[in-house]
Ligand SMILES: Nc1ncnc2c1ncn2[C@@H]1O[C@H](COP(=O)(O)OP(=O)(O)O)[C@@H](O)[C@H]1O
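Single chain ahead, by itself, as structure tokens, in the form predicted on its own.
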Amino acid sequence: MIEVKNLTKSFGDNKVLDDISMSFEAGKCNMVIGASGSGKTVLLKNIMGLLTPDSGEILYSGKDLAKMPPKERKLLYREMGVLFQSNALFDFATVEENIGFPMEFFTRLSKAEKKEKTDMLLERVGLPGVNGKYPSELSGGMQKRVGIARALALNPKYLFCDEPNSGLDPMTSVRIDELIAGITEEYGTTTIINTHDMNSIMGIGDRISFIYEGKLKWKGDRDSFLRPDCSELEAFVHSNALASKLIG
């Protein structure tokens, strides 16, 4: 479990996160939702240790990230998998080399063992046999699945996904959602997903937290999501539903 307690983060005079407290359960798809600029990406970066909060705590299994000694923090980073919005694949490297990148730095696996694991991961994400291809030879959805395979390379306890369906068509988005949800349940990962995709929220959101102007305004599950006692969330749902109709 990951717990965030009274987290505050500012950049100059701009307070981006204001006294945020929430928890994220293992084996669940924990959604953090909100409009662009609401603070959800800054929240994710603080949880991952890419930013340092001004005040508050980020607890991994009860241990404060800020107080971990360097060796313990390094071990924690090894337990993290990240799926970036832009995929962040290396254009100059093959699919196999991209997936093997974390294993090069954090494991002592032999070349044959890394190849075996890469094959297993590609099979898991539905892309067997693409080892030698380059990202430019793959569709956006296929690149996203390679990104998921790379995120799983170190058997992470924690999986962070930043707008995983950005730029994908609806059918591919559903497939990515199902893949993330299946992995979360199968491996018991603590999965945190930043998104404003209504289909994702309703499709796989086990626990949903709504950030509005840097504050936690609402939290609940899918059953209560469409009947919130929160005017800001109602406006968010309405605007996203309207945008989906216009795009469609």
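Quick caveat, the model's predicted, so the values are computed rather than measured. Counting begins at 1, following the sequence as shown.
This next part talks about the form predicted in complex with this ligand, which is not shown.
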ask   = Among the candidate residues Ala181, Leu59, Ala35, Met198, which is the single one with a non-hydrogen atom no more than 4.5 Å from this ligand in the predicted bound form?
value = Ala35
query = Can you pick the one in Ile192, Leu216, Ile204, Val42 that has a heavy atom within 4.5 Å of this ligand in the predicted bound form?
reply = Val42
Ile20: touches this ligand in the predicted bound form, heavy atom cutoff 4.5 angstroms = no
Heavy atom contacts to this ligand in the predicted bound form at 4.5 Å, residues of 6-32 in sequence order = Phe11, Asn14, Val16
